[in-house]
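What follows is a pair of forms of the same protein chain, given separately as structure tokens and numbered structure 1 and structure 2.
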Structure 1
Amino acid sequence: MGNRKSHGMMQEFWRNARALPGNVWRSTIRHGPLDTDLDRAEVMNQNFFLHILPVSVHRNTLRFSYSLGLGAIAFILFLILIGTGIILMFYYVPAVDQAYPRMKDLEFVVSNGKLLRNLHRWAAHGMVAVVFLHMCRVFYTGSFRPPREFNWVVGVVLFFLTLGLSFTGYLLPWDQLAFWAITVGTNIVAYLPGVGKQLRFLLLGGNEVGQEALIRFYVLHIAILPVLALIVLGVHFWRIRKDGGLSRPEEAESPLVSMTATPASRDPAGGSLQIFPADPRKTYGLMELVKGRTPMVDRGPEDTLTAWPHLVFRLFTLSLLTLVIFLIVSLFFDAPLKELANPNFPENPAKAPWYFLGLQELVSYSAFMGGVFIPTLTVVALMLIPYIDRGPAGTGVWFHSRRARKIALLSAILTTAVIWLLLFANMRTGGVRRFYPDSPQWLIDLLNPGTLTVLYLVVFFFIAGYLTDSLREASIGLFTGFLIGFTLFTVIGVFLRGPNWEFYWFWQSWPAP
């Protein structure tokens, strides 16, 4: 009896041992060959990483000319930043006497340290630019409209988190460029009414940039802001799924006629209308009853493709291309690293990070308007866009209509002309104070290129709305003007401002210090 039990146990042992490779494979890869749509759906549902994507996507989502892949590129850059940032943490010490030497070690001692730092730096700048362009794409395609209003607001929050991540990382090299850029940037923060000075003190841990500021920026950069960004990113992705994926034009939808209708019998033109074509491989079932309606109510489930392989392979290719491009940039262009930070020798000109130089240019005209009013107005306007412009017409279409394209072009030309005219007038006359030395501050705040540009944009918005009787087209004109203005003031701040914030053309050299 005992021998028979032992013999049975050994048989089971050897049987399981022989089947071990197959059982390990099936316990890890829980699907067979991907021959049918059901198999492709299973691979999306059962994979931890792919589960964030839908099982199927609309054809319009796969059009690169529509999305430009900007949202995906921004997320890929975020992953690159996390990966390179974790490796850099092994070498970096957030102390004023060690931060800069560690940067030098990365250049000359650590294997591939310079490449790693370059990749981290350029990916950070790239993410700021790509997130901004992604927001522009969402606006110009009307993708913020119902039911996606909340996700637009989440996207705006993500944009400011991206700025915060880049800004807090700016100080860590502890060189002259970082020190004075953060000094200027936190001075702009101090202009916020009521809480500005307190917020600056909280950021710096004192009244000056020093050890306390370095450790606070470090903790914000590696822990607090990345965790917040991950949480908000999760909400952003979740809302994309719940809102029915990327937006698309109405004509891209298949209207729901009948699950059993004969297509030709429902076509008023008598032609062939492919609605819910019969597919024996497709099954339908009732999974759950919930309150409310889904984004697919009144929409047909057709014109979709399985996410595997159509979407997954596109994302994989885009990831590789993004990584290769930023690796090439990192190989040929070094991240800037100037001399060790010296609080006694300020940079001239001392400039904020490039994405804040538009604000610094506005602050040079009026501290209140450039540091408080215009930034606050911009944030409020961005948040309110989806609650003001709510019409369905033009959603999912670049620039809404041909007339809207002309309005955008006109707005770009006029805004460029107005800004250069105001800038030259300000430089020629020297501003209001030159004519009226005792002029009140409110007059200075009102009559300067920044404030007058905002007034011009408001007037343009109402005139365009009156002439076109279209809120959408007027909004496109206003947003384009804002975009051009922001870009022009940034370009002026980056390239055309020299020592003492004097104006120099591209071909003019700055005087020697």
Structure 2
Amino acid sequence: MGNRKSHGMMQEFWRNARALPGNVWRSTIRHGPLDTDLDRAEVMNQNFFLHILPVSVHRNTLRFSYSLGLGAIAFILFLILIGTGIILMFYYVPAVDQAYPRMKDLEFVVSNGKLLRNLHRWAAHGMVAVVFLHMCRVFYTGSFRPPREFNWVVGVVLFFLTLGLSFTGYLLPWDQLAFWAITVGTNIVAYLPGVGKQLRFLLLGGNEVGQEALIRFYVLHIAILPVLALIVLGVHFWRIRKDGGLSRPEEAESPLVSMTATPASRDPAGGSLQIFPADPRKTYGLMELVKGRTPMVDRGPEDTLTAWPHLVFRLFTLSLLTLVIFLIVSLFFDAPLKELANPNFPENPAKAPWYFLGLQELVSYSAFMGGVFIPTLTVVALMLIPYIDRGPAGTGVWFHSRRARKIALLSAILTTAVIWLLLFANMRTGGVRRFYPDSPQWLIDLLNPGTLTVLYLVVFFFIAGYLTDSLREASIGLFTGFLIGFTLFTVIGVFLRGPNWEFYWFWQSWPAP
């Protein structure tokens, strides 16, 4: 008996040993080739990483010309940043006497260290740009409309977290750029009414930019802000799923539902088609619980495709392309590194990274307006957009209407003209202090190209709204104005400001120092 049993045991052992590779494979991968739609649907639920994606997606979501893939690219860049950032942490030491030599080590001593740093820096620049463009895409396609209002707010928070991550990263090399960017940046913070001085003290861990400041920015950069960003990013993705995927035009959703949402004039028979009215509570849509839509008889499955392979393939292609592009850029262009920080002599001109140069241009007219008031106003205005502009028309379509396009164009031209005009008026006359040397500070804060541009934008918004009688079109005008203004001030800051923050055309060379 015992003999037989052990014989059976041995057999079983060998059988299992032979089947080991196959069993390990099956237990980890858990599926064979995905040949049927059922397999393709199942894989999205079985795989932890794919689980973030829906099982099936609407055709409109897959249209590249609709989303431009910007959100995905931003996320891919974030992953690249985490990866390169972690490796950089092995070499970086957040001490004032070590930080800069460590940069040089990365450049000359560590294998591929230069590539690593380049990749990290350029991906950071890329992320700021892509997140911003993503925000523009969402705005111009009206994708912040209910039920997606809150996710827009989350997105705005993510944009500022991205900026915070870049800014804190800038200090770490402890070069001239770093030192003076932080000096100027924390002094802007000090202009916040009431708490500014204390906040600056808290950020710097003292009164001066030094060791304490370096370690604080380091911890913010590698722990606090990335973790915050990850959490908020999780909420952002979660909300996309819960709000029913990417936005799309009403018509693409379901003819039945759209009849109920649009006036009867569009289809006189509309009322009789309300078999499945939009339900304000939750129901099934695209194979998952989302708010506000009922199942679509027949139409639904026609307009959706399985996420595997359609969405997954696109995401992988996008990742590969992003990675390759940034790798090539990093191979050919080196991340900037100035001389070692010198607290006694600022560079001339002392410029922040490009995405802050629009702000720096505004700050060069008035620190309070450019550094505190206008940015705060911008944040508040951005966050309020979805709560002010709520009408359903135009959701999921670029630019809403032909007239909206015209208004956007008009706003772009007008804003450009106004900014140049104000800029040259300011330069020609020398500003308020030239006419009125003892003018109080509030007059200078008020009468400068930055503040006046904002004033112009507000006036434009209300006039456009009054003339078109359309909130959406007016806000498209306003947003376009903001976009152009931001871009223009950035271009001026990056290219047209030379030593002493004086104005130089592209073709004028700077005087020798």
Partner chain sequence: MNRRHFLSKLGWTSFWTAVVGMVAGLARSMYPNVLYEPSRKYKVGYPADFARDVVTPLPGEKLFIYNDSKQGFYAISGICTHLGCVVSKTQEGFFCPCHGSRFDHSGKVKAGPAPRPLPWYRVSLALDGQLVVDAGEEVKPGTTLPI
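What we label the rigid core is the largest C-alpha set whose atoms superpose within 1.5 Å from one form to the other. Residue positions are counted from 1 along structure 1's sequence. This is a predicted model, so every value here is computed, not measured.
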Fill in: Assignment: the form predicted in complex with its partner chain
2
Fill in: Rigid-core frame, C-alpha of residue 31, shift of 2 angstroms or more between structure 1 and structure 2
yes
Worksheet entry | C-alpha positional change at residue 14 between structure 1 and structure 2 - rigid core reference, Å | 3.0
